[in-house]
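Here we start with a single chain on its own, the form predicted alone, put down as structure tokens.
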């Protein structure tokens, strides 16, 4: 079942008097259960595409449909609610709050939803356990390795039980061993829990592990390959 549909999406940024065309007529469907990589060089439009799908940015033209509902017709509050309940996000630079422990970082999305501190703590501990980080729950980010911080970021992305996880270059800052561990975890969550993964990358280590590769070049989808 197709859960995300983009139709003729364009995105243009104004940088002073210069127009930067980040996306040029992208039409794309993401199916439930996909483990898909958006592959392209820096500046190809990968992050812009993910930001639009993740409702962080809006297209200049074209339509985005989520679960059959056109996003352009939604209020800002409806978009925020949809994003917080339906999607999880994993960022290239982890985006963990440095003054908070791993547990407190994972609790944050739940507290934004208004869940009580006690319930949020319980869910956050379970999410940390699912990525093998429960023993580090009281560690702050500066006491964790890059691989450990990425696993905490994944736990935070998972804690709201999203249907879709959007990941921007999830292994860019990791060595080979930790990149493999993160990819193993993503594949396991995709297979066992049916979570749909969509991530941008130019990391060749990931290509053999995904179900689908979406090639983007100069803001245009040039190839869409399913394995």
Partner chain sequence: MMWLKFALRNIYKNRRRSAATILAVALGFCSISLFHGYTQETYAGVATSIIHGGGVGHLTVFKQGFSERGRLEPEKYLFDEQEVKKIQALVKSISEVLLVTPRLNLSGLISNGKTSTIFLAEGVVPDDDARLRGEFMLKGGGLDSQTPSAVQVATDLATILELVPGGNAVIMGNTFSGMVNALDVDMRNTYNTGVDATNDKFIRMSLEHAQLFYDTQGADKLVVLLDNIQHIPAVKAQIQALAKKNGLDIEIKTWDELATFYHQLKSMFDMIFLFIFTIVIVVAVMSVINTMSMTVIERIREIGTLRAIGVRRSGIKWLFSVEGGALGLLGSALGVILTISVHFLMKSMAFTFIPPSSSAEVTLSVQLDIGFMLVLSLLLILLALLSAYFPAKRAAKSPIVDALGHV
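Just so you know, these numbers come straight off a predicted model, no measurement behind them. Numbering follows the first chain given and starts at 1.
One more form of this protein exists, namely the form predicted in complex with its partner chain; it is left out here, but the text below deals with it.
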Its partner chain in the predicted bound form: within 4.5 Å of a heavy atom of each of 91, 104 and 108?
yes
Work out which of 125, 74, 144, 100 lies within 4.5 Å of its partner chain in the predicted bound form, going by heavy atoms.
100
The listed residue (180, 57, 32, 188) that reaches within 4.5 Å of its partner chain in the predicted bound form by any heavy atom is 57
Is there a heavy atom of residue 80 no more than 4.5 Å from a heavy atom of its partner chain in the predicted bound form?
yes
Hey, in the predicted bound form, is residue 65 touching its partner chain, heavy atoms inside 4.5 Å?
no
Would you check, heavy atoms only and a 4.5 Å threshold, whether residue 112 touches its partner chain in the predicted bound form?
yes
According to a 4.5 angstroms non-hydrogen atom cut-off, is residue 140 in contact with its partner chain in the predicted bound form?
yes
